[in-house]
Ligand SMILES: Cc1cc2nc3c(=O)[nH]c(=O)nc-3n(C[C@H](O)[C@H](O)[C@H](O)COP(=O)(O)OP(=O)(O)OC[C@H]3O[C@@H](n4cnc5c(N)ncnc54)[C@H](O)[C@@H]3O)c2cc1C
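Next up is one chain by itself, shown in structure tokens, the form predicted on its own.
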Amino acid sequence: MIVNHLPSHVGIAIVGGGPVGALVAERLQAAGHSVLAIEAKLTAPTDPRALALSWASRETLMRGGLWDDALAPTAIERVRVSQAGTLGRTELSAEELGLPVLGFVVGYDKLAALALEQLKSGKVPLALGYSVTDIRRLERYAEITLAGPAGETAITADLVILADGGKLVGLLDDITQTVKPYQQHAILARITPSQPHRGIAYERFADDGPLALLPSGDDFNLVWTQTPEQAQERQALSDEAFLAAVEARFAGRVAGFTRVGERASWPLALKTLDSVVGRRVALIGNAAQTLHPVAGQGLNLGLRDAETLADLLAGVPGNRVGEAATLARYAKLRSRDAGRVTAFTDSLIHLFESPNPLLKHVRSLGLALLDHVGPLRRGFARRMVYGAR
């Protein structure tokens, strides 16, 4: 519900109208809190990324009214993980977990558009076209300065939730962000297989960087991680040469490809905080942590941030939502899941990037062990679906 006049004070101000921000706003509004969502962009951004959403994330989005057939989701029934040049491989399946599917692939732009439309037409008050230029936090409230159509204005809130992707972290003097560049770029492209994908996703650890194939409609969405120099070279390849390069790295595990669409590339980095809470503020989603795409855990982790915070605040009186004890409880609830998933994703990059033959053999044995020990494999799959909670 777009508001024409901003309130002078709200209980909870949520900055960011993407999927994570919209989810926590919808949940807190339904719990009876005084909420204001703030989104600077009038329309959802164009974004070529594909999202691998776990079954648990799909259930979370459904509960928040953020799941619709318009997303055109493609089911992931199995995930095949392998390392090039070795026999090491494993397969994760929905049947082993007693689930209909492991998850779904959707376009980020479609999910972002659905989230923004839900905010525009739903019950949550939405300050659309307003950007936050300053956050001043005092003992009993926070003051937010907004720049909008009529100039700057200020409102106060008991609690500010940042779901803005990390744009405003620099305004917080009690939270420090650490950025770890991977010296890698990810190439994204839509690629058509010569045979139906049958709902199978692939993670392939090649010598020059990991590749992921996510089923999307009749095609795959390819995410190929490599050095910036390699990414530039492969961006310049002809379609035929690019397809041949991808096919060579899957070494017969995929039948082949017939077409590749437009290619995009972007740099990769790990961004973490020394704390996801500060005075009168909590950070969720990519504002709290930005991960490497290798395991497809970024948005899944962010949705669990939003769900955990919403569940906690649903039982907290409005005048206590921004208190230090409440925020400390949220930070403790999220520390295990966020810490383990972040460490796991980061360690995968370092574990599989070394060309050392001995280490390559050890990695192969690890995948074989995962494949042959059912409880270990199922435990790993559950963490991919539900997180480390």
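These figures come from a predicted structure and were not determined experimentally. Don't overthink the numbering: it's just position in the shown sequence, from 1.
The following text describes the form predicted together with this ligand, which does not appear among the structures shown.
Exercise. With this ligand left out of view, which of Q184, Q118, N286, Q83 would have a heavy atom within 4.5 Å of it in the predicted complex?
Worked result: Only one listed residue qualifies here, and that residue is N286.
Problem set entry | S93, Q230, Q177, S131 - the one with a heavy atom within 4.5 Å of this ligand in the predicted complex | It is S131.
Exercise. Is every one of I12, T308 and G322 in contact with this ligand in the predicted complex, taking contact as a heavy atom within 4.5 Å?
Worked result: Negative, none of the three is within 4.5 Å.
Exercise. Does at least one non-hydrogen atom of L299 fall within 4.5 angstroms of this ligand in the predicted complex?
Worked result: Yes.
Problem set entry | Any non-hydrogen atom of G278 within 4.5 angstroms of this ligand in the predicted complex | G278: no contact with this ligand in the predicted complex.
For this session: Answer for E39 alone: is it within 4.5 Å of this ligand in the predicted complex, judged on heavy atom distances?
Result: Yes, E39 lies within 4.5 Å of this ligand in the predicted complex.
Exercise. So in the predicted complex, does A338 come within 4.5 Å of this ligand, heavy atom to heavy atom?
Worked result: Taking the distances in the predicted complex, the answer for A338 is no, it never comes within 4.5 Å of this ligand.
Problem set entry | Partner-facing stretch of 314-322, 203-211, 230-238, 160-168, counted where any non-hydrogen atom is within 4.5 angstroms of this ligand in the predicted complex | After filtering at 4.5 Å, what remains is 160-168.
Exercise. Of 43-57, which residues get within 4.5 Å of this ligand in the predicted complex if you count heavy atoms?
Worked result: Contacting residues: R49, A50, L51, A52, L53.
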